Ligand code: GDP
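Quick heads-up: it's one chain on its own, the form predicted alone, in structure tokens.
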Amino acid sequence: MTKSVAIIGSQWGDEGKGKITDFLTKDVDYVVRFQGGNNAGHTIWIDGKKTVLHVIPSGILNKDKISVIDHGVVFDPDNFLKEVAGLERAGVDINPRNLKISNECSVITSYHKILDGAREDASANKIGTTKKGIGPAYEDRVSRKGLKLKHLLNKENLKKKLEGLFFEKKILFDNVYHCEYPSIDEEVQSLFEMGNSIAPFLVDTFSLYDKDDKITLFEGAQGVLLDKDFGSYPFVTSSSTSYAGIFSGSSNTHNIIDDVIGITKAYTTRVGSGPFPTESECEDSVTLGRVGHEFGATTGRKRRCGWLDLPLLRYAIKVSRFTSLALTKVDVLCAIDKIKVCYAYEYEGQIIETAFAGIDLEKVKPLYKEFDSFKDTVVNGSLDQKLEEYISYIEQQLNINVSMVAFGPDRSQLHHRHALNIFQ
């Protein structure tokens, strides 16, 4: 019987999804990325060695498993080839047997990246885009002008399609943003050459992993609060980062995911602009950022830090049908003397426990419960008592189990509290 598990970020991304994906990969057959692009940054530590992945699934570090980049991903060929080269220099084996790419992935061109950067630089109200062309590529997909990876393999056809994609952008480049850009012929030649390098990896993913007795792990990028529909719009990404994105962005032909694990940092962080309720009252935000090394794996930007926000977590649990949570970076809280958790909001004259789509997070007042800090995480194979109290409070408030606790960056620094459905 086919089984599946999903790894979904429950906050604004950067929760440690790569670590959990990497750990679970040993027990699955396929690891599938279903949305986003190389704006993601999944950092994995194994035996003290750091690996940062962007578009390639975190399962690639387990060479006997099959990693899949499915059709919901927007794909930058140049970035991909550089990422492969960097991983191979680090001793990671990447080949068409252990990495498959959907030929239906939308292509990020140079024009998308130029437009993305020009818009952000010219805007008085910056969203905080990574300037990697993600949004413009999704725009062209929706407006039916975009390229698919399969289009890069026929040069004549590629030029015709690229001319249609470029027509409006040229007007913007010349008359609005006044920026330089490659000619059509230059872009066609570049994309065609890269397409031929990528061709051995391209497959029809629809029929790839629809087989009995296989376990598929769906690896999300970013987090629920950055979902284009459910997130803190307009400060969101351009894809479906939640549970729903699995079904639109992958070739999953099943109607249920056995386990949906919400990856949750023991505090909250956010990169870029947008409302952040628990940031302003977090006196220890500098300490959290320093001890937690809170810098974006893709952009290097400093992450904003705040206390754990349960109203937003309750919302994320509802949106993505989480079956359990994985709590990460609990070791960072050892550096804090008094830990706070936001359990509810004051909002428009009422006390509310669960956030909702469209709530004005600029107007909420967080209500806090305070905990004494724990100065250790795992003692003789068991969680520190004060840490266990912290986790138990989260479970009781959210009515969901914390199945895993990560207490350090390495693959080995993971404590299991509850078994997952797929392994029972």
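Note that residue numbering begins at 1 and tracks the sequence as displayed. Predicted model only: the values in this text are computed from it and were never measured.
The same protein has a further form, the form predicted in complex with the ligand, not shown here; the description that follows concerns it.
- The closest non-hydrogen atom of Arg303 lies within 4.5 Å of the ligand in the predicted bound form.
- Using a 4.5 angstroms threshold between heavy atoms, Ala137 stays clear of the ligand in the predicted bound form.
- Although the partner is absent from this view, Thr278 stays clear of the ligand in the predicted bound form, with no non-hydrogen atom inside 4.5 angstroms.
- Residue contact check for Lys329: one or more of its heavy atoms lie within 4.5 Å of the ligand in the predicted bound form.
- Only one of 331 to 339, 102 to 110, 242 to 250, 194 to 202 lies within 4.5 Å of the ligand in the predicted bound form by heavy atoms, and it is 331 to 339.
- Counting a residue when any of its non-hydrogen atoms is within 4.5 Å of the ligand in the predicted bound form, the hits in 388 to 408 run Ala406, Phe407, Gly408.
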